[in-house]
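We begin with a single chain expressed as structure tokens, specifically the form predicted on its own.
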């Protein structure tokens, strides 16, 4: 009798564990942060997914701050927790997470579901979402640096199109700035991100890569001290100190929002910024509403226009207990319908290339037609577990050049030397 009761008790416990596990496998936990209105819209999408599929998705609300979002994911993944199952990653995290073996490869699911991945920006997927030949994420939101310009002023002064080269930008800016300074002494030709933070690296990559340079790390060696990088850094200095078409506070205060507001107040001819600025420039209280155009960033005469890659990608945890359901949700997020909704409701730049030709999307956001070309010429920042330390070193020396404390040649030599020390520490 005792044995029977004991056996039944054990069976009951096992049944409860199995039932709980099965129930857990039917629920997906999705980690996402951002502005409050963005998270609220994700909640609407989760309800839509549940009504379509019957699968419950719990939203794990993350902070707005990007670094805090990353830290939260790192803690969970390092601990091998089974939640969150699905999450969004900044473009700079994807390879770092893949190198740590935290991401579930997606190829088997893609093949099983006969999912067409050719609809995504091919260059973005190959640069970010592939690791050792496997697909480990897919793009949800694509970002890249743009040139905003005052189309009304270019027309007024006889320039029929935005500049294709940096030399042309300098020429246009000096001409128009010189005349407009008679009535607006605060007017400048070109505003961009030069303060000491990650945005400076993004700008440097666009200057240097458009000259055939960049940040090259291969076989444990970093290459920064090149003629191409020195020439690009010299141009950044000259924009402030020689040509004087960029404000003196470029290297102390100019980040995305400072640049955006400066341009939006009608005080600049050209602006380097991300796509988010478009809708703000077109807002009712904007001084430049209906006066702005966008174009690819200029290049050096022997180079090509490039844009630093930004954006958010979706992946599945290697430790998820609900991988099949998680892929079903991932597929939903990157579908045409949901990508279109994210574009229409949040103004997000879709990871799918085909949404950029949607008539409704173009009617609401006509600048999407130009963005499509920009995203075909993106360059990524180095995807390394210790990238932030490398970035800090390069930022410090670039900013010293802009502040007129270091020569470009010296800055590249010193940045390369210090960055190499960091690489050697992690290779031991």
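Positions refer to the first chain, counted from 1. The shown structure was predicted, so the numbers you read here are calculated from the model rather than taken from an experiment. We call the rigid core the largest set of C-alpha positions that still match within 1.5 Å between the two forms.
This protein has a second form, the form predicted together with alpha-D-glucopyranose, left out of what is shown; the following refers to that one.
Of the candidate stretches 286-294, 236-244, 206-214, 84-92, only 84-92 has residues with heavy atoms within 4.5 Å of alpha-D-glucopyranose in the predicted bound form.
The partner is absent here; in the predicted bound form, the one residue of 163, 139, 189, 199 having a heavy atom within 4.5 Å of alpha-D-glucopyranose is 199.
Scanning 372, 396, 381, 70 against alpha-D-glucopyranose in the predicted bound form with a 4.5 Å heavy atom cut-off leaves one residue, 381. Although the partner is absent here, residue 274 sits close enough that one of its heavy atoms falls within 4.5 Å of alpha-D-glucopyranose in the predicted bound form. In the predicted bound form, at least one heavy atom of residue 310 sits within 4.5 Å of alpha-D-glucopyranose. Looking at residue 62, you'd find every heavy atom of it more than 4.5 angstroms from alpha-D-glucopyranose in the predicted bound form.
Residue 353 falls outside the set of residues with a heavy atom inside 4.5 Å of alpha-D-glucopyranose in the predicted bound form.
Along 127-151, a single residue, 143, places a heavy atom within 4.5 Å of alpha-D-glucopyranose in the predicted bound form. Relative to the superposed core, residue 90 shifts its CA atom by 2 Å or more between this form and the one not shown. Positional change of residue 385 between this form and the one not shown stays under 2 Å at the C-alpha, relative to the superposed core. The Cα shift for residue 224 between this form and the one not shown, taken after rigid core superposition, is smaller than 2 angstroms.
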